[in-house]
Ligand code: HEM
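First comes one chain, alone, set out as structure tokens in the form predicted alone.
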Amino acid sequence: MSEQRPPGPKDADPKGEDADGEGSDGDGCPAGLFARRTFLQGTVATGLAGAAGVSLLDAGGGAHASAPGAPAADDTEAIPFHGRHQAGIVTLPQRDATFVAFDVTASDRKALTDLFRTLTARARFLTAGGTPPRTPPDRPPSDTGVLGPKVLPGELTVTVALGASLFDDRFGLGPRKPVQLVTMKAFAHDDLDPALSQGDLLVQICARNRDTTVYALLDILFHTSGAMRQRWRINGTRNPPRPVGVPRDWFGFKDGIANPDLGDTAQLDQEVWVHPHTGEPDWAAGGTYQVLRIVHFRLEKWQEVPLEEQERIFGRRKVSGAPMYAEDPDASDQLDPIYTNDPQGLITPLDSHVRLANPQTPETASTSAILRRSYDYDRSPDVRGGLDLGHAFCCFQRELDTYVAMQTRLEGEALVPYISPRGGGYFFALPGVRDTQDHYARGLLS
């Protein structure tokens, strides 16, 4: 549903190592960490002692070629966890994702800090990989075994973001709330389901393969039991390019063509990352505002629309993904839309999706730049008994108001009859975890 240029290189933040390895079983995972049955038992005694796993890449940083029966090289690839920014934002989108919103049930500020420490310890281990701790045969196993005897990183990223509701009076965080963070309210044509909206925390888990994503989710749920409760979840996938280039969504259009260059640090600093001394609280520097919108597609109705009209609704050619002025089916989707010679919308309609998202006018320039990182979902059948396929629209931006202004323009788009936004929320993605002494939300809670 949105435009995105081919992304640049993966996040290259340096990978940290465990400071002391205390409590380790020899493969990087603290002994007994999985065996704790409650959050309070499993936090201080286990998750804080260092949980960085052993990288399964070779010493030169590249994956070993796979021998028969050996794991795929891609499964051994680890995306660095430590850095100024969290992974999973400017990281190249992996194939599989799950977005999970939580209500925090921690009893006080100390318990909340313990929760973030545990989340950090688990994410650190899971994204690096390693061997789960061994348990005696007469006791429950220390992990699910979904990934086999060794946890392979599988390009896993875990990205943690905060909802506005976390800054209520429970933990005394109100004065430190990000300036623009608010609860998401319905736009003109939304049909928001409270059971699929909002949350104190949003945990975004992405990986190359589905079993890696599910394993990480089960691990996190296990270790945080008693401190946060799942509110809602949406699973997503990124379809392979058909035939080449940018993937297509369930409408059959190429999804995500115009995006910031992920290799351009200056552009990302301008459009994505929060900076110090800008009105935001100091702890927020290095973070970013995250939007997640769960948008149902009315595919039965869409399939009755002639191709020509579908293209005018989106503002791009369906086969090529090129702008409307390009009639060659092999035209590049990297051609820039040009609206200056089309003020009346005779070529690209004024109410088309891409033109309202970015009208290319001086007045809208500051509210047209966001980093899109979306996934397609399939929750069929829905509660109405029909297909429930759609888009987990995810984007990041330095200012939440940028997205709000863009979506307000889209209230008048021609696509409205064919979509039904049903959930999601606004969140603030935390700054990165710098090293083994750091943890999620440390600046906020200190």
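Note that residue numbering begins at 1 and tracks the sequence as displayed. All values derive from a computational prediction rather than experimental measurement.
Separately, the form predicted in complex with the named molecule exists; it is not shown, and the next lines address it.
- Per the 4.5 Å heavy atom criterion, the named molecule in the predicted complex is contacted by stretch 256 to 264, the sole one of 171 to 179, 201 to 209, 256 to 264, 343 to 351.
- In summary, among the residues D249, D219, E155, E271, the only one with a non-hydrogen atom within 4.5 Å of the named molecule in the predicted complex is D249.
- Residue R372 is the only one of R122, R372, H85, R231 with a heavy atom lying within 4.5 Å of the named molecule in the predicted complex.
- When the named molecule is considered in the predicted complex, A414 lies well away from it, no heavy atom lying within 4.5 Å.
- In the predicted complex, F81 stays away from the named molecule, with no heavy atom inside 4.5 Å.
- The named molecule in the predicted complex comes within 4.5 Å of no heavy atom belonging to A106.
- Shown alone here, S197 lies farther than 4.5 Å from the named molecule in the predicted complex, counting heavy atoms only.
- Contact check for P337, Y403 and L410: all three have a heavy atom within 4.5 Å of the named molecule in the predicted complex.
- Contact annotation for 316 to 334: a single residue, R316, has a non-hydrogen atom within 4.5 angstroms of the named molecule in the predicted complex.
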